[in-house]
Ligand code: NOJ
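One chain comes next, on its own, written out as structure tokens in the form predicted alone.
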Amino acid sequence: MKKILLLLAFFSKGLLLMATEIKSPNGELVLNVMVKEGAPVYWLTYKNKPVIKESRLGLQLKNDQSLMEGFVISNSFITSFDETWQPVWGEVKSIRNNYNELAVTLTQTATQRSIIVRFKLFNDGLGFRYEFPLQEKLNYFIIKEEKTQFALAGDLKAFWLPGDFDTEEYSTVTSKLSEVRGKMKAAITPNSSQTTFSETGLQTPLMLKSDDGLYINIHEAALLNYSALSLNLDDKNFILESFLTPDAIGDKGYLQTPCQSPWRTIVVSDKATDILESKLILNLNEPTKFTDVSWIKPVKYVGVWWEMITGRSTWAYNNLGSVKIDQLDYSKTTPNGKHGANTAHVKEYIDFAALHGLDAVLVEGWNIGWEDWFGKWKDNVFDFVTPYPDFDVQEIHRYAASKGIKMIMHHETSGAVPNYERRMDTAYRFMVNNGYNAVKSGYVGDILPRGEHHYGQFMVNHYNHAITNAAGYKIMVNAHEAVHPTGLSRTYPNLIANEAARGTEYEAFGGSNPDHTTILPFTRLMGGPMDYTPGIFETHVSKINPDNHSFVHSTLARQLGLYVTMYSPLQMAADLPENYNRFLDAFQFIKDVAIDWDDTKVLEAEPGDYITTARKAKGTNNWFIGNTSDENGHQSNIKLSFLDTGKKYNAVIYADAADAHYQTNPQAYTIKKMVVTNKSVLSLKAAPGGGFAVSIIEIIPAK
């Protein structure tokens, strides 16, 4: 670790009029900060191109003078920092954290209140945050609104989601910023809990591209004790302005000094591949809080899930009918015949996992209460420890252990957060006692008791409480319907994945756009891994449930490629065992592909069109390549120059057949084997809505 003080400057009475400038370590990014007519402003350029034009900083306070004007710069520090750290799990073995830092102290002359705006300028972008030191004139305060601006250089191409404080589960819209207003209503699904704060409200991460080929990504890092960031677009001047998620009465945050905001992040490059390889958001988070991380392990799993999503099976044990949930005696009722989480059926999944060398089995719908989880008793319907009569927790524990398989618990809160919090420790102890070391939590529905939003300060604090509390029991967490990730998996590596986006389940609800998985790595995955649940081989859902006529907008080969392009240390083989048994040759890739990596190289990428990624498996010399392409398909010519010189490898190529198409012929694929070296070039064509996957295994010469 190296930290060098480069400059210490003190400016009394705010006489500084010139901008303070710093450059990134490689000199390509230049940041300027100044106070202009009492208002702090900043601007950013990359290779002399404007990234962010002059933009204002500050916050409005409730019932108090705002922190937006009347400032002078009273102090300014510039420092340099350079370290290399090793993640517990990740896309690479080590991460360089190298930046130049500018800390500007702003003093409001009328109130004598001070704030610090801290900027960290990396080679791949900028992070900055507000810090509120302990001081007499500013103690407890309520945020009315944060007013951070991102003034763009023009009408950029955007990959956006409509502003909503409760869900990110939309298909991304691709349009010019000037077209957002006209496309907003069409982007909102009829059954959404949409709470758009304006006709141009957008969520982050927001991916942008300029006409001259500059890629810009705006998000946040280290979201703690604060409301999640959204953006309001001034579509006349192309200025984005922060808009925080409100609580039930409209306030944006309750803070007490000393405290700070999350980092506001801008990742920028003239190469799309650089955006995907950026570790800026992780670097802006604190190192892990845990001294012992030996219990945190990447997981490849199957589960009783897709059959419920498609409608073949149910979460509930029986139909409620006219019986009140609090009067229901399960021992005296007859099951509905479709309950998926029964002991015998779960053992089939355990057998499949053991046969194919997978790590774990997830079971949803195992516990009582699903008959009324959206009903009037939802605030007390789940206790997270009582199984249905047909699910024997102890027997499943014994059977799974005998096969070397871990079990993943499911906690659906139905949005009843106080109920979950008062039962959380009991639920975690129950997991430990029955051999569960990972939990998938869910927050479907309105947040109780007073209608908080999923992404407000109240829920942000709850999610973080659940993660840190779980760590005390050595439990890994996969939170669904939670706030967008902001790199906290560095600090709390038991946060092994999140949902927080439109996942594979929507392929059973009408489908997602064919370009969906070519955009998610540029947006949702910027903040951390996603439990996307790929691997659906039977793309015609009606063959699982005749009443469901959806289809998966993907070829089978692309489903394999997603295990590489959609990074996660938690990867599900999401389809039914019976469907994998029909395509065991293709399933071999799911068995082989790693879930933890020493190196990652994004070989080619264009948001909305295609991504091809190569990853080196942890502790080996084996590589895996994946591609996902949009409705136009894509021709790839992949140079394997990243392989070791002088070594040979067995390559197995899983590709779309010549007549494959995600709509008309999704299960047409080919498998080809060949020997490759670092001089080899693979020419592979992805079909419309298709992709490919390649395993490259080092040939070890016989001794």
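Here the structure is a predicted model, which is why all the values come from computation and not from measurement. All residue numbers refer to positions in the sequence shown, first residue = 1.
Just so you know, the form predicted together with 1-deoxynojirimycin (NOJ) exists too; it's not on screen, but the next bit is about it.
- Item | Any non-hydrogen atom of Glu499 within 4.5 angstroms of 1-deoxynojirimycin (NOJ) in the predicted bound form | Glu499: yes, in contact with 1-deoxynojirimycin (NOJ) in the predicted bound form.
- Query: Should Glu412 be counted as a contact of 1-deoxynojirimycin (NOJ) in the predicted bound form, where contact means heavy atoms within 4.5 Å?
  - Reply: Contact with 1-deoxynojirimycin (NOJ), yes.
- Task: Look up in the predicted bound form whether Asp392 has a non-hydrogen atom within 4.5 angstroms of 1-deoxynojirimycin (NOJ), and give yes or no.
- Result: Contact check for Asp392: no, nothing within 4.5 Å of 1-deoxynojirimycin (NOJ) in the predicted bound form.
- Query: Is Glu364 close enough to touch 1-deoxynojirimycin (NOJ) in the predicted bound form, meaning at least one heavy atom pair within 4.5 Å?
  - Reply: Answer yes; at least one heavy atom of Glu364 falls within 4.5 Å of 1-deoxynojirimycin (NOJ) in the predicted bound form.
- in the predicted bound form, segment of 499-507, 539-547, 248-256, 146-154 with a heavy atom within 4.5 Å of 1-deoxynojirimycin (NOJ): Checking each option against the 4.5 Å cut-off leaves 499-507.
- The unique member of Trp370, Phe384, Phe128, Trp623 whose heavy atoms fall within 4.5 Å of 1-deoxynojirimycin (NOJ) in the predicted bound form: Looking at the other structure, the residue within range turns out to be Trp370.
- Message: To verify the annotation, which of these, Trp315, Phe159, Tyr170, Phe290, has a non-hydrogen atom within 4.5 Å of 1-deoxynojirimycin (NOJ) in the predicted bound form?
- Response: None of the others qualify; the residue that does is Trp315.
- in the predicted bound form, which residues of 420-440 put a heavy atom within 4.5 Å of 1-deoxynojirimycin (NOJ)? Heavy-atom contacts within 4.5 Å come from Lys440 alone.
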